[in-house]
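A single chain comes next, written as structure tokens; it is the form predicted alone.
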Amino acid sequence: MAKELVINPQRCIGCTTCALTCSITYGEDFNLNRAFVQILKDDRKGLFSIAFSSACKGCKKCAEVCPSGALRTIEVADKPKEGQ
């Protein structure tokens, strides 16, 4: 079975653990500017949004470390290959 990333920004607490994990994994430094995922806060609504850059590697390490469940993985059935 394949894993798919599920994003629930309403559960985000703004801790940036996902972005820090991404930056240390791919940028070899704890630097939020080097992460492929960004956490943005809407001060008027008091909510966070989660945005991924097009350079995201799809490794899902962000979901592995998310303490709030805003990012998580689920098992999905493999898609059949064309011609099968």
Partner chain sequence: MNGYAGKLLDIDLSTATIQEKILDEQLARKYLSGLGFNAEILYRELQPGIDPLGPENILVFNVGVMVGTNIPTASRIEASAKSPLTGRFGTTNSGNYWGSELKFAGYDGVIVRGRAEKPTYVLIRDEEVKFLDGGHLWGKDCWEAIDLIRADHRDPEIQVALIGPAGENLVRFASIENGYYDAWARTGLGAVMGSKNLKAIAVRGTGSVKVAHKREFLSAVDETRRAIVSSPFFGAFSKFGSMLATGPYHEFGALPGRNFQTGYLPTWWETRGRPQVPKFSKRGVGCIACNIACAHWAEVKEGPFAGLKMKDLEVTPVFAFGAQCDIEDLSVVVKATEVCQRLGMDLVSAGSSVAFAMELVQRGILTRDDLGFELPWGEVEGSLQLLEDIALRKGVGAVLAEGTGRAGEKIAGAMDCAMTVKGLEIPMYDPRGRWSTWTLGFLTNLRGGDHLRSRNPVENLKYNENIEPYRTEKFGFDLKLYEQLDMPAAVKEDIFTAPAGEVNVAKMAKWAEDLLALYNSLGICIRPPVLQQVGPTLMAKLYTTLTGWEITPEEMIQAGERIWNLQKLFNLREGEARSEHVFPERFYRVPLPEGPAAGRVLDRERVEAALDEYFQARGWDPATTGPGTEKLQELGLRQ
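Since the model is a prediction, treat every value here as computed from it, not as a measurement. Residue numbers count along the first chain shown, from 1. Rigid core here is just the name for the largest C-alpha set that superposes within 1.5 Å across the two forms.
Omitted from view is the form predicted together with the partner chain, to which the following refers.
Participant: Is residue 53 one of the residues lying within 4.5 Å of the partner chain in the predicted complex, judged by heavy atom distances?
Facilitator: Result no; residue 53 lies far from the partner chain in the predicted complex.
Participant: Consider residue 69 of the chain shown here, and say whether it contacts the partner chain in the predicted complex, taking contact as heavy atoms within 4.5 Å.
Facilitator: No, residue 69 is distant from the partner.
Participant: Decide whether residue 17 counts as a contact residue for the partner chain in the predicted complex under a heavy atom distance cut-off of 4.5 Å.
Facilitator: Output for residue 17 is yes: heavy atoms within 4.5 Å of the partner chain.
Participant: According to a 4.5 angstroms non-hydrogen atom cut-off, is residue 57 in contact with the partner chain in the predicted complex?
Facilitator: It does not: once the partner chain is placed as it appears in the predicted complex, residue 57 has no heavy atom within 4.5 Å of it.
Participant: So which bits of 18 to 35 sit within 4.5 Å of the partner chain in the predicted complex, heavy atoms only?
Facilitator: Contacts from 18 to 35: 20, 21, 24, 25, 27, 28, 29, 30, 31, 32, 33, 34.
Participant: By the 2 angstroms cut-off, has the C-alpha of residue 57 moved between this form and the one not shown once the rigid core is superposed?
Facilitator: Shift at residue 57: below 2 Å after core fit.
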